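Next up is one chain by itself, shown in structure tokens, the form predicted alone.
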Amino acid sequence: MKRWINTVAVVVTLGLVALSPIKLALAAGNKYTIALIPGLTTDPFYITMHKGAQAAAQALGVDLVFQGAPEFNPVTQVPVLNAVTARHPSAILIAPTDKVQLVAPLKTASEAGIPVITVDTFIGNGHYQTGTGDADFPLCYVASDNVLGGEIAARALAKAIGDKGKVYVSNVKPGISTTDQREQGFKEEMKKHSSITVLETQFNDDDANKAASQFQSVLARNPDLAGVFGANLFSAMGASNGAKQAHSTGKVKVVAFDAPASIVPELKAGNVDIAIAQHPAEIGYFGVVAAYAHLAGQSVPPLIGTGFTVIDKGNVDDPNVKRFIYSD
């Protein structure tokens, strides 16, 4: 089992206090360049992550390079990674778009002496610095605990449907570390709810139109469908659109994972019932902090976890909740 260190603990663990070694290193005038390679450049989640990373970079006097591909695909991400590796930055932060296909090019970067930290997604099984396996070489994995996020989504959906009925997961495709884990956590939690039946997962290839069509097919086979969990935004919005087309909005509860600004009107209109917001700004911030700590000679925990905020129609305008809506 992974042992997550939360962000409060990271502040202490990495010594971000007065007269810490990091601040002493900064005072000595060290200058680093850290490259952040997102899963894709246009998604509000990664835009928000970039803002958090930039805030840390400015605080620490680091040059931050943000470079990625326009789609979440290893075919387009690997050339970006190779180009960044050729420029030999001080460290690389990356959201790998495949937990297998990114191993070899990231190992090339690591063997070239560039520290690697994965953010949001991971390679291999996400267990780093174990001395075993081909994918344990990254220093650290900074992310939401996606299994926990799936569990939170399941509990929220169970409550919304009165703890009984049929539900299913709308997911992207197998092999993406984050969405695999969200589905895993959702299903593990739903085993505790004996009156809820989890139907077969529908994989939509990150296509909201396909997810909408799948919703209608599932509903046709199961007219008593009570809820759906969209393991990412496109899955949830596709399911929501399918519910609209089938005149089932409100009857079938929709839980979305992720919370860009576009989710707000959907929540207010009741098209989406619940959104599970990650904290991508924290992921970017602590990714840069961890990279800097390593470069300054400090040890770095192999897992750093950030939090979640559950958003619904009743709290979406609360300033303490609204601040977790992603930037676009």
Partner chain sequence: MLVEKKITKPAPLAGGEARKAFRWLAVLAAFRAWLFLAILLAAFELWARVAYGGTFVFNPLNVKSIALFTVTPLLLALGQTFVIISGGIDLSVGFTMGLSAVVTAHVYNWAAQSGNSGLSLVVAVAAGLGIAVVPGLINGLLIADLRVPPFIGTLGMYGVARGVAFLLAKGTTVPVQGGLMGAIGNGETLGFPNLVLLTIAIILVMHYLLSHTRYGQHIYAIGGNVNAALRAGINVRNATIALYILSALSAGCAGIFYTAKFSAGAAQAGEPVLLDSIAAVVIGGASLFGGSGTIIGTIIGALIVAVIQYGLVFVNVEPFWQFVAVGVVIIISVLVDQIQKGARK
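Numbering follows the first chain given and starts at 1. These figures come from a predicted structure and were not determined experimentally. Here the rigid core means the biggest group of C-alpha atoms that line up within 1.5 Å when the two forms are laid on top of each other.
The same protein also has a form predicted in complex with its partner chain, omitted here; what follows describes it.
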{"item": "Which of 139-147, 213-221, 118-126, 182-190 lines the interface with its partner chain in the predicted bound form (heavy atom within 4.5 Å)", "value": "213-221"}
{"item": "Contact of residue 262 with its partner chain in the predicted bound form (heavy atom, 4.5 Å)", "value": "yes"}
{"item": "Contact of residue 245 with its partner chain in the predicted bound form (heavy atom, 4.5 Å)", "value": "yes"}
{"item": "Proximity of residue 209 to its partner chain in the predicted bound form, heavy atoms at 4.5 Å", "value": "yes"}
{"item": "Heavy atom of residue 90 within 4.5 Å of its partner chain in the predicted bound form", "value": "no"}
{"item": "Among the candidates 81, 252, 237, 153, the residue which, in the predicted bound form, approaches its partner chain to within 4.5 Å (heavy atoms)", "value": "237"}
{"item": "Contact assignment for its partner chain in the predicted bound form, among 33, 67, 42, 298, heavy atom within 4.5 Å", "value": "42"}
{"item": "Residues in 185-207 with any heavy atom within 4.5 Å of its partner chain in the predicted bound form", "value": "200, 201, 202, 203, 205, 206, 207"}
{"item": "Residue 116 C-alpha relocation of at least 2 Å between this form and the one not shown, rigid core basis", "value": "no"}
{"item": "Post core alignment: residue 216 C-alpha displaced by 2 Å or more between this form and the one not shown", "value": "yes"}
{"item": "Core-superposed comparison between this form and the one not shown, residue 244 Cα displacement 2 Å or beyond", "value": "yes"}
